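As a starting point, one isolated chain is supplied in structure tokens, in the form predicted alone.
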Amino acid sequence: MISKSRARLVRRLTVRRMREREGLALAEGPRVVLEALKSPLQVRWVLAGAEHAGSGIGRRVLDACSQRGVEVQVAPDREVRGLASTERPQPVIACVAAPPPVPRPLDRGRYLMATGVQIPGNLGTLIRSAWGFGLDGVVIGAGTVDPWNHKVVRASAGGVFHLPMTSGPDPVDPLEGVNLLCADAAGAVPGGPGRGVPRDWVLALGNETGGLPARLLRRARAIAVPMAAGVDSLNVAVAGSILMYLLTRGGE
């Protein structure tokens, strides 16, 4: 049986200010929990449904916990599911240390910068793509949803545990020395003749409605996704993922 104090903690961690106060976040589902266990982050404990723990992937979770010395509490499946946030959850929940985004230099490496991206599924998908294409980190700009939101964690497929989360530059920071790129339908497709991709860059993506702040647009080189005639835009997660693919396949 899950203790009342642990159940209360799980419920508290669904609220952003509580995650920030506790420095903790939740991972749900065996595959996401396995990624947390593979990552350098500290996994405090895991709740596992008794029936699910006997399945193939359930045993993999328990084995990974044993290898890392992570506490596991096995409880009835229905109790674990009752604490999950998804509609049809698999009964595995982990509590993970959630370091806040911290500033770091952006002039060396390849980064995604999300500014004003408010839909959790979009940010999670972008983080998953950044992880998949080998970027060095994700910059969480102003107005962007918390990367430790449970929907972001789930949509990232665990990528949030493997990529450094960086805080956005201060509004007065001109980003001097940074190859800043932004998605814009009027820009050039990266990687074409005479359109080489720099070795180091930051790809800035904004809110689908409001776009990027003017201060970033003034500094950025516009790049675009090739699209059929008559189509002027894509979902930000789709466009960003395609651009990351194009950018990581080129170089100057």
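Model, not experiment: these values are computed from the prediction. For every residue, the number given is its place in the sequence shown, counted from 1.
Not on display, but discussed next: the form predicted together with another copy of the chain.
Participant: Is another copy of the chain in the model of the complex close enough to V189, M227 and L246 that every residue in that trio has a heavy atom within 4.5 angstroms of it?
Facilitator: Affirmative, all three are within 4.5 Å.
Participant: Spot the stretch among 129-137, 93-101, 71-79, 178-186 with residues whose non-hydrogen atoms come within 4.5 Å of another copy of the chain in the model of the complex.
Facilitator: That would be 129-137.
Participant: Taking another copy of the chain as it sits in the model of the complex, is V15 near enough to touch it, meaning that at least one heavy atom pair lies within 4.5 angstroms?
Facilitator: V15: no, not in contact with another copy of the chain in the model of the complex.
Participant: Against another copy of the chain in the model of the complex, would I242 count as a contact residue? Criterion: heavy atoms within 4.5 Å.
Facilitator: It does: once another copy of the chain is placed as it appears in the model of the complex, I242 has a heavy atom within 4.5 Å of it.
Participant: Answer for V238 alone: is it within 4.5 Å of another copy of the chain in the model of the complex, judged on heavy atom distances?
Facilitator: Within the cut-off, so yes.
Participant: Quick check on T125: any heavy atom within 4.5 Å of another copy of the chain in the model of the complex?
Facilitator: So T125 counts as contacting another copy of the chain.
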